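Next up: just one chain, as structure tokens, the form predicted on its own.
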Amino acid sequence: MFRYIVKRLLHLIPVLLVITIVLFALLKLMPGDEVSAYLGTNSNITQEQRENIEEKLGLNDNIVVQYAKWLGRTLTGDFGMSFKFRQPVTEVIGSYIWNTFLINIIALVLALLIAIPVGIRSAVKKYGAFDNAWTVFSLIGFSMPSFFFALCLIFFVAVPFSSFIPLNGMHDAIKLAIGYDSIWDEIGDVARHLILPVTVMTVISLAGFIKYVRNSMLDVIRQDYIRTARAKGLKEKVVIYRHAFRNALIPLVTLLGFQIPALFMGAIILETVFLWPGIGNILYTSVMDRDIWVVMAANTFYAALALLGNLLADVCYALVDPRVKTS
């Protein structure tokens, strides 16, 4: 297993390198220029001043040299300086990424806690009223854009109950300015701001999880060993949860392997709608402001997480099902 993991990690290096090359080229093809993004509204400068700023930012070289310098700095842990925030990129991403992790981990846990029992019961009671109701729910969840659901919650829930459910942000501006009475007061304030975005992310995630669990369970409970277990007189709960569900885990493990990177990636549109200070919102504003070093660092991080998530899914295959050989 250890040799397999090391071998896969070595194979990921050239893949990640190609991804960074493509990302860097695409960013350089975007309209606009980094100097204007760096100066903001104060862009009325002479050509000589512009050239001095380009040299200071390392933008006066050709694209190949710029990429080589960026790669060299990145390998040492230096992802450059943010044009917008005037801070090292690592500090910018580090300041916001845990906000994204918080909202995603809560939504993922809630979605799994609901989807697993619902998916199992839907498979056991297939084509019944319970199964049909959740099938319709899954279809709606797949087809409904997250931003539309978010706007519906804002209009129908947050606006009528604005005294308790905040519309956006992570903290109450007044409380943040004057200070919280206690740590519990701050936790309660953040929890209230989490209600809407967590609800949207949980509902949207439920559609996929329920479908995966249900379909996987349907495949397993038709197998001969399940009929044999029932013929031996085992209780139905033992047959379903100990024998069937354990063997239905592989498709769910696949999905979870790709969900791990999403814990840090953030939903760009959702965070923008709710003005949640997460990495998705920061990435969106960085693309708009052409803050290329933030965009490069964030997307490289995302790509690495996606590749590691794929590796994690393969490793979990072997742990869940001994028949799967890593060799």
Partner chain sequence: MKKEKSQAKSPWKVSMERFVHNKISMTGAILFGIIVLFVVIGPLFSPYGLNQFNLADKELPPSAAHWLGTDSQGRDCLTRLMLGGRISILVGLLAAIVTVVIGAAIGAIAGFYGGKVDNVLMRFAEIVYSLPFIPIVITLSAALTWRVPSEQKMLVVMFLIGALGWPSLARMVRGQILSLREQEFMLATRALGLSDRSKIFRHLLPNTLAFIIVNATLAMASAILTEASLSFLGLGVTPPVPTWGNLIETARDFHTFRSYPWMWLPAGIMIILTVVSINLLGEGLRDAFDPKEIR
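Everything quoted here is computed from the prediction, not taken from an experiment. Positions refer to the first chain, counted from 1.
The same protein also exists as the form predicted together with the partner chain; that form is not shown, yet it is the one meant from here on.
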For this session: Report yes if any heavy atom of C152 sits within 4.5 Å of a heavy atom of the partner chain in the predicted complex; otherwise report no.
Result: yes
Exercise. Is L23 one of the residues lying within 4.5 Å of the partner chain in the predicted complex, judged by heavy atom distances?
Worked result: yes
For this session: Answer for P145 alone: is it within 4.5 Å of the partner chain in the predicted complex, judged on heavy atom distances?
Result: yes
Exercise. Y302 near the partner chain in the predicted complex, any heavy atom under 4.5 Å?
Worked result: yes
Exercise. Hey, with the partner chain in the predicted complex, do A115, A129 and C316 all fall inside the 4.5 Å heavy atom range?
Worked result: no
Exercise. Taking the partner chain in the predicted complex as the reference, which of E91, E236, D219, D185 has a non-hydrogen atom within 4.5 Å?
Worked result: D219
For this session: Select from the listed residues T254, T199, N215, N247 the one whose heavy atoms reach within 4.5 Å of the partner chain in the predicted complex.
Result: N215
For this session: Have a look at 105-113, 159-167, 79-87, 187-195 and name the one stretch with heavy atoms inside 4.5 Å of the partner chain in the predicted complex.
Result: 159-167
For this session: Taking the partner chain as it sits in the predicted complex, which residues of 3-28 have a non-hydrogen atom within 4.5 Å of it? Please list them.
Result: H11, V15, V18, I19, L23, L26, L27
